[in-house]
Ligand code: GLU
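Below you will find one chain, with nothing else, as structure tokens; this is the form predicted alone, and questions on how it binds or moves follow later.
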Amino acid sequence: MASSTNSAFRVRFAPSPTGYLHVGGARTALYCYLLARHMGGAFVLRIEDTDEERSTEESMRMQIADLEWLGLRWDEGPHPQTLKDLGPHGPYRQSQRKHLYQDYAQRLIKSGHAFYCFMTDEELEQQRKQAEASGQAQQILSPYRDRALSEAQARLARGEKAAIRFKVNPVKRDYVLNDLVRGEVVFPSDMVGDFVLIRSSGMPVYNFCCVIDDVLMQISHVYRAEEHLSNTLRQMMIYEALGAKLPQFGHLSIILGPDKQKLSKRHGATSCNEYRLNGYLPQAINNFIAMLGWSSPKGQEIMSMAEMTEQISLDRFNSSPAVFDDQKLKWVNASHLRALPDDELWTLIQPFLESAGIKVPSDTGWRHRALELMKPYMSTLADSVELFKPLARGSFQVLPEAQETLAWESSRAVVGKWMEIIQGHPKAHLSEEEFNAAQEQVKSSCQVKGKFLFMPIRVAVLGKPHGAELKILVPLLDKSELVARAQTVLNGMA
């Protein structure tokens, strides 16, 4: 984990482990990471796992693995393998901090900022229906707000359950937030009624945990999704009641799909793990999502982590919705992929080839030649499967779609002449220029052109009349393999 040099600048990423790490969450984590590195501050990972029904350790480990894959190393938080706390402000899992929330809830009760509420579900539902009927937002009016604390304590002693609610000041006033992304945001205090801090089950709610943790972890800047803006008024009230300093907030732009609706599963892959499995590079994902709400002051579109770290700043975030463009992501990924050294790229594509059962020559020289020819046609690592499939030994077969081509009167002569030229070639492999020359020889000898020339040769190499460009593939297949494939085609035409 990196060490921080500016202890005053502290940011956190606080995911809920209730599923995969969405690209929106990854973007928040990335911005926090980049800002922490740029400012010489600390990047804290906190796990908000108080939703007992939906939070799972499997999801937490999956999200941590995704952050690791993206290279977003945190200074404080759960250890990526052991989950043990790293840092002086643990525990970093909210489920292990319940005693702290109870302690602060008691402080707010004693200071008159909170109270025990014994309202039943039926009473709450009745108020909800009344609010709905009147066309107003529900704001809880609890009959227990101004009861004596001793009365509540007596009921608790008898085994009754109570929620702890925050006591909102009835005198209306405006809370003003100077948002780092959106500028000034004004919240009238009567937007909320007395809200729950701790449920009657003893489980604290998000807004309360969030504030207590940010105070105790000394978080100076909070960058989070736009959807959290609605939580901010309640949190500002809690900060004020605690006499704690408000961190600086920045609410990031919403991410939309191509249809201008909020990005979701229906738009295709939205989790980091899916993009990893689909052959995207972590550096490309980081580069692309960084531009969904931020822009390089130098106008760059392809950037390394070092370049983004250098250029990130507090004042270049855009509040306008960002559109997730899959084609732009592919372009960014292709740019990063093609910049990789051949050895590194081969290491990355090998699992995709092995998974598809594709066996190709193992010598380094062949691999370098193959990658130099294939790289311009690859946008993702997964593209290597279709590109390398025709090169796999033992994979050749004449497909049914080739029969029309092979039925042409001139096709047998074309394939035969092609095989004869390859057999007579002095070297084990043809260069692109030598392949072009061989094709011209077939054209001249057989007096054919256009599809009557290209398609039979393509069948002799690929087993089908359409597919990858032969000038790429032929130089990667040795002479004996090309001859064997042509012979297989001729045998099938007998």
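The first residue of the sequence shown is number 1, and the count goes up from there. Source: prediction; values computed, not measured.
This next part talks about the form predicted together with the ligand, which is not shown.
Location of the ligand contact in the predicted bound form, chosen stretch of 365-373, 223-231, 409-417, 97-105 [non-hydrogen atom, 4.5 Å]: Comparing against the ligand in the predicted bound form, the contact stretch is 223-231.
Even though the ligand is not shown here, does Pro15 get within 4.5 Å of it in the predicted bound form, heavy atoms only? Close contact exists here: in the predicted bound form, Pro15 approaches the ligand to within 4.5 Å, heavy atoms only.
How about Glu68: is it within 4.5 Å of the ligand in the predicted bound form, going by heavy atoms? Looking in the predicted bound form, residue contacts with the ligand do not include Glu68, since no heavy atom lies within 4.5 Å.
Is there a heavy atom of Phe118 lying 4.5 Å or less from a heavy atom of the ligand in the predicted bound form? Contact with the ligand, no.
Residue-level contact is defined here as any heavy atom of the residue lying within 4.5 Å of the ligand in the predicted bound form; does Tyr377 satisfy this criterion? Close contact is absent here: in the predicted bound form, Tyr377 is far from the ligand, nothing within 4.5 Å, heavy atoms only.
Could you tell me which one of Leu72, Ala290, Cys210, Ile198 places a heavy atom within 4.5 Å of the ligand in the predicted bound form? Looking at the other structure, the residue within range turns out to be Cys210.
Please tell me which of Phe187, Phe352, Tyr206, Phe324 lies within 4.5 Å of the ligand in the predicted bound form, judged by heavy atoms. Contact check passes for Tyr206.
Check each residue of 237-253 against the ligand in the predicted bound form and list those with a heavy atom within 4.5 Å, in sequence order. Counting only heavy atoms within 4.5 Å of the ligand in the predicted bound form, no residue of 237-253 makes contact.
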